[in-house]
Every structure is written in C-alpha cells, then in structure tokens.
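In structure tokens, the next block holds one chain alone, the form predicted on its own.
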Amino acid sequence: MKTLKLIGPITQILTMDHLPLKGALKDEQLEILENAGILIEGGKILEVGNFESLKAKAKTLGAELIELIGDHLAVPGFVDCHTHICFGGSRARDFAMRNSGKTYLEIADSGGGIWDTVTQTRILSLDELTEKTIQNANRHLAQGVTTIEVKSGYGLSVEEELKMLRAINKANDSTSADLIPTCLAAHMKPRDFTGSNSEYLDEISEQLFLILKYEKLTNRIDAFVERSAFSPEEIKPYFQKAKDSGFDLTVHADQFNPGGSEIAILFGANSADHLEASTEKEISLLANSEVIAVALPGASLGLGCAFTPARKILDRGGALAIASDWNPGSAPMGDLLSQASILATFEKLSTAEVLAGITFRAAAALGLEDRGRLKAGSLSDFCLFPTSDFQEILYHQGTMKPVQVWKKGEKILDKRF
C-alpha cells in the first residue's frame, strides 16, 4: 500500500491555521481553501493546497490518488479533551430523579451519584472495562473525534485506579483513536476509606504516582476541587507532589462553587475544566493566565445548570476549548459536536470559536501541538462532511455527521455508499 496519498478535490478545507490560541475569533479569520486537496505521507500531512497543483505533484511522486465525487468540507479531526468514557453501569435512575426535582445530595443518599458508578466499575474485570472503553471510543471516532482524553476516577483505590488506567491503555491499542489517559483518583474520597480527605490523598500520591510513572500509564493528574470533593487547601499538597513528580495537571474547577480555577493557575495546570460557577474574578484570572478554559456543555445539559461563561472568557482574551465530559452521570449524551453547537447558540459563539475549541485549542489543553490544524507537519487526522459550506456544520446542531474520518493517514470511516 502506498504511503503517499492525495485526497481531493475538496470543495472547502478549513485549515484552522494562523489562528491565535487565545481570544475571540471571527469567521472572517478562518483560512478557507477551495477546490483543494490534502497530500499525506503515512501519518503526517505533506501539503494542503490547490488540488490541480497537488495532483501534478502527486503524479510525479507516484502518490495514490483518492478522488472525491461531490461536495466535501474538510476540517481537522476533533479533539475531546475531557471525557470519562471508561466506566461500568448506567445512571439512568439518577437522571430520572434529577428531572423529577431531586437534589444531588438526595440522589447520592439514595444510592446514586459517583459512588454508584464506582461500585459498578469495580465489578468489571480489566478486559470488560477495556472493551467498554473501546466501544465508547469507536462511537466517538465515527463522529469525527480522533483524539480522546479519558479519565480514571471511578476506581478510587490504588488497585482499582490502576485497573482503570491499564484498561484505558489497553483500549488505546485496539482503537484507531488516540486515547490520552488521565488519573482522576482525586475524584472524591471513597466511602470505604475510613480516614480523612487529606489522608486519602496522601495514600494515593505516595502509592499510586510511582506505579503510574513506572508503568507509563499516564503523565496527567486531575482533581475535583469542590465542596463535595476536595477543598483548595486539601488539594495543594497533592498537586505539589504531582508536579514535583513531573506530571502535567488539569483541574475540575468552579463547577458548583469557585476556587478550583485559582488552584489551576497557581500550579500552572494545562486546563481548568467546567467553570460554570466562575465569577468575574475567576474569568479575569483565567484570561490573564496560560491555563486553557474548558467548557463542558454536556454537563450543563445533563444537570440543567448554567453554561460555562464562554463568551466572557473569550472577550477577556482567554483560551477556550470545548469538551463533551461524556460520563454516565451528569453528561451521558457523549456527542461533542451537538453539545458545542448548543453552547454556541446560548453563548453566542462564532463558528470559528467553536471549531477552534474542538480542534487546536482542545489539543493545547492536552499539551499536544501536532494536531488540530491542517498544515504541513501535522498529523493527517481530518473529517469530511457532505457540504460545500462550513456554516452548515453548526447549523445542523450536530445532526450532520462526517462521511469520512481519516486518522494518521488511514481512512477509518466511509459512509459515502
């Protein structure tokens, strides 16, 4: 099989190139190539440009021509920088109770909440958990999401967190999507741990971190900084140990109460995720930092709460990514494009801002610079939509799906026929 391939002609290519990491964006800033092609070699893009010119070059190089018929729009493969797709069981009962007016505490007291998922996840074997993660990743991949961050956090013991992270890494070997594992052992103090919050965090950091490094299971540590989980003061020593051990950091921040985003800034985290409860103070602090703000509209839809103040973050000059938060409790939808489209409607985001939020800005939240833009040297991860107009994607609010998905130079989905 030839490693050199030319895909085209493509009616429009949104390269997402030459756009800044931070701040508001207008659609007029988008680089749109018409009657274009993508020349790839293996897993990397060699060139993006005029199709006829690339066709002549491809012929001299002996490249395989993959000729498209009809209108197509190309965008970079989507990056979902916050998911919990490694889990067991269902929380449909929680969802029904929440819609009937029950509070978070009432649901938890009746046996629901995060602890319910912990119980159901612990029951699964490593192989069962791996298979469930593969299934979820492949569903995301079929919707154009080529890079997926996946958190642990439903094990909540050294042994069970290791099982989850091993499952995520095994799943990564069996799906075409790139899975980026993150350790969220600091999701909440487990109910079967008899000590304090600080004692639990000490145990995790002292026993788990070394194994994570030794087995190369993850280089990312997350924590839920919230009144129902861990306070800013409790999490500081934990994050300091993680940082001293060389881990990258991310934070579940300001979901119900502010405080977590300041911790993210203090420790130089890659991202602060949620932010539904961020006030003007937190918005300004984030905008003046290098921390990526990550909006999770799926959680707002699942919980019926306010959206992340995305418009204010962008207008203040902040960097905004958008992720699905796909999880069995608060965000079961797991459809990144639909959620991003809905967020755009309520927060008045431009198409450029939304697409940036699920491509190169989301990649930056994961510390990845090799994807999210269609340009020479980037990974050849891209999606083809059946349209000649980029504005159609958000207009259909997620119901228009890609007809082709390419990952590292291989076509892994083709719905044209």
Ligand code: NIG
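Keep in mind it's a predicted model, so treat the numbers as computed, not measured. Residue positions are given as counts along the sequence shown, with the first one as 1.
Unshown form predicted in complex with the named molecule; subsequent notes refer to it.
With a 4.5 Å cutoff on heavy atoms, residue 78 does not count as touching the named molecule in the model of the complex; it lies far away. Within 4.5 Å of some heavy atom of the named molecule in the model of the complex lies at least one heavy atom of residue 327. For the chain shown alone, residue 91 is a contact residue for the named molecule in the model of the complex, at least one non-hydrogen atom being within 4.5 angstroms.
The named molecule in the model of the complex comes within 4.5 Å of no heavy atom belonging to residue 238. When the named molecule is considered in the model of the complex, only one residue from 261, 255, 250, 339 comes within 4.5 Å through any heavy atom, namely 255. Exactly one listed residue, out of 209, 200, 95, 224, brings a non-hydrogen atom to within 4.5 Å of the named molecule in the model of the complex: 224. Of the candidate stretches 329 to 337, 212 to 220, 129 to 137, 163 to 171, only 329 to 337 has residues whose heavy atoms lie within 4.5 Å of the named molecule in the model of the complex.
Using a 4.5 Å cut-off on any heavy atom, the one residue of 161 to 200 that reaches the named molecule in the model of the complex is 187.
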